[in-house]
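The chain below stands alone and is given in structure tokens; this is the form predicted alone.
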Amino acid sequence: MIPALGEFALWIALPIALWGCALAFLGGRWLRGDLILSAERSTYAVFGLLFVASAGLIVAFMGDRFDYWYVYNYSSTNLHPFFKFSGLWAGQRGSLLFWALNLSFFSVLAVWLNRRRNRELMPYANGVLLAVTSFFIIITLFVTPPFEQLGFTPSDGRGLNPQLQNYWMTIHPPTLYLGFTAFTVPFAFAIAALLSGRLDARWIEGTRRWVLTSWFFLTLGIIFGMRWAYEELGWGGYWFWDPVENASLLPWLVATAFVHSIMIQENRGMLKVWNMGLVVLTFLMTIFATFLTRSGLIESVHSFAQNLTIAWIFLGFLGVVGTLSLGLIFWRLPLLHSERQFESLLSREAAFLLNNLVLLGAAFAVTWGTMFPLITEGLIGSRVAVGPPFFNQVNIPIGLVLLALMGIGPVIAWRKASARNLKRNFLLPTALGLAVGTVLYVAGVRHHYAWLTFTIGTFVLTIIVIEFWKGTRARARIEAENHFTAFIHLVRRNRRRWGGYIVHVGVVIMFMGFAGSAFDREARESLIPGESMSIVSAFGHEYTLTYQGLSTHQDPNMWRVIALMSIQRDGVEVGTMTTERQMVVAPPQPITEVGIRSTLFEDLYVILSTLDEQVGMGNEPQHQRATFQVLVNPLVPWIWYGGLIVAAGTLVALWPGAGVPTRIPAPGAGSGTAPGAERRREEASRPERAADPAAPVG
């Protein structure tokens, strides 16, 4: 009954969404409050109906309704209820419904939060949101129907892909979907500004938190996916430049560029056309990521089955949205002129623009490498694969430039940096970075990319620490507070700025974690119980692993062969580890569960590679000989610690508080300045100024 109600709700949602979309645009054009109100109520109704539809699909999963095609293909009677619930987004049909649900939720939130402000923009913004929602509902109903029924009722389903039966995969896809769909709101506001002609900074003010929210979820989603790959795929790494991994990275790169670029428009009235282009490009990248994942045209462990129909639909949608957006930007070019010009390459504006160009360069390189197999297939009839070496060769130098700019951009002066500004902000960090680099070189660090990462990372961290110290010290002196209280009040005073610095700390730590891969150690041996193998880490720690034996265990939907290892570190017993080979019953597929032992500086990573004797269900092997692959991965834990810091910093920047409002240049403001303006600009570039609006935001 409930699944049928869900299907009915989905059919009702489409005409209401289309009706509300039409009313929103007409209400904005004719300034009809009744039409605008009706469109906003349609947004609420669509969300309620999509919620009912999603609930109906979840009930079908939980009730083992295998008469539904989607449930039959992604569930089974012995599947854990937790994974049955996640079946909503496990396959193509459910994930598109889930996408529409997330988008309608954010649409409701945007309408509610702007019920008393941005009233000139809201009709058009709501119209864009309902239009995009309608597109996904149409696909869900007519191309990938989640409630399609079979002509019979199977006794059991085919089961969920074993690699998706992992807790990280239950949160990785929905987190990415939240990031993708949340960015539709800034895109809608940008289009609303173009349609209404309200092209001052208000549309940016209204969407700044939405941009950070989208960036927050995209970042978490990417990190969760890395952790899943590290634990589940059993190859010892966390990123392989897989096409679907790249698909999630592309909108993140462009969104990061936009997050930084809007500060130039807010503070200097520049790059208005550029920012409009970045908003549109980021939204298009979210749709492009959906196309890559759901078309199946590019092979990936993450992708769904090949569906040429949906591939052409998404490509057509990309073309229509891109063309219309570009036309609107050209139409409004006279209103998008910059209020000021660049005065020097040694300025904050130039540093942020370079940051933008480098990020877009990375996005282009990743897009080219990802699409190259399809391009070659179309031109020569066969695919030419592009592997990790290409992506690493191109993107590692780009990443190092971005790492350096994280330290330079936030503290260099606006307009033109003086020699005094450069010396005050960069002399000590540069000296300390070079000193650390020298020590590392003497200690034997010869990998040039890793050496550069640690050296530049030290430079950036030093700048951030100095900024925090100067700001805290100045506040403690002025307000007569102790340093801890002054630090807390400093961050609360301007959460956006200091939250951005915290994000930068997390990113630097993650970069250092990435650099640790240059010093990975690996060993592989075949052992019988009682035998040992040793491996020495890059930090000089010797691990001795003694194989204790195998055991088998049968779960309702799989059987497991578990190897037990005792671990010694530098001759001291530190505990035991297990690593597994599993055979899932439905669908039949072998998978590996690795053993990981983490310390602050490295991971011991153990894989049960092969069993030299066939082991069956309920069978205890006689000789129990097995082959183990053991890796020691330096600094990998820093990736996860850095990710937590990035998330914390973004939440600080997002958290509402009594910060100092960002200075928005008045429309038509020229380059003339009032008396004392030059002095105020110089003060604004100083780290002691806690209310500096030039806040790094990730």
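A residue's number is simply how far along the shown sequence it sits, counting from 1. Everything quoted here is computed from the prediction, not taken from an experiment.
Keep in mind the form predicted together with a small molecule is missing from the figure; the text below concerns it.
In the predicted complex, no heavy atom of G94 sits within 4.5 Å of the small molecule. None of the heavy atoms of L635 is located within 4.5 Å of the small molecule in the predicted complex.
The small molecule is not drawn, but in the predicted complex it has a heavy atom within 4.5 Å of H504. Put simply, L57 is far from the small molecule in the predicted complex: not one heavy atom of it is within 4.5 Å. The contact residue chosen from L405, A229, A413, M270 relative to the small molecule in the predicted complex is L405, the criterion being a non-hydrogen atom within 4.5 angstroms. This chain appears without its partner; in the predicted complex, the one residue of I509, A131, V259, I310 with a heavy atom within 4.5 Å of the small molecule is V259. Heavy atoms within 4.5 Å of the small molecule in the predicted complex are found in one stretch of 234-242, 209-217, 102-110, 316-324, which is 209-217.
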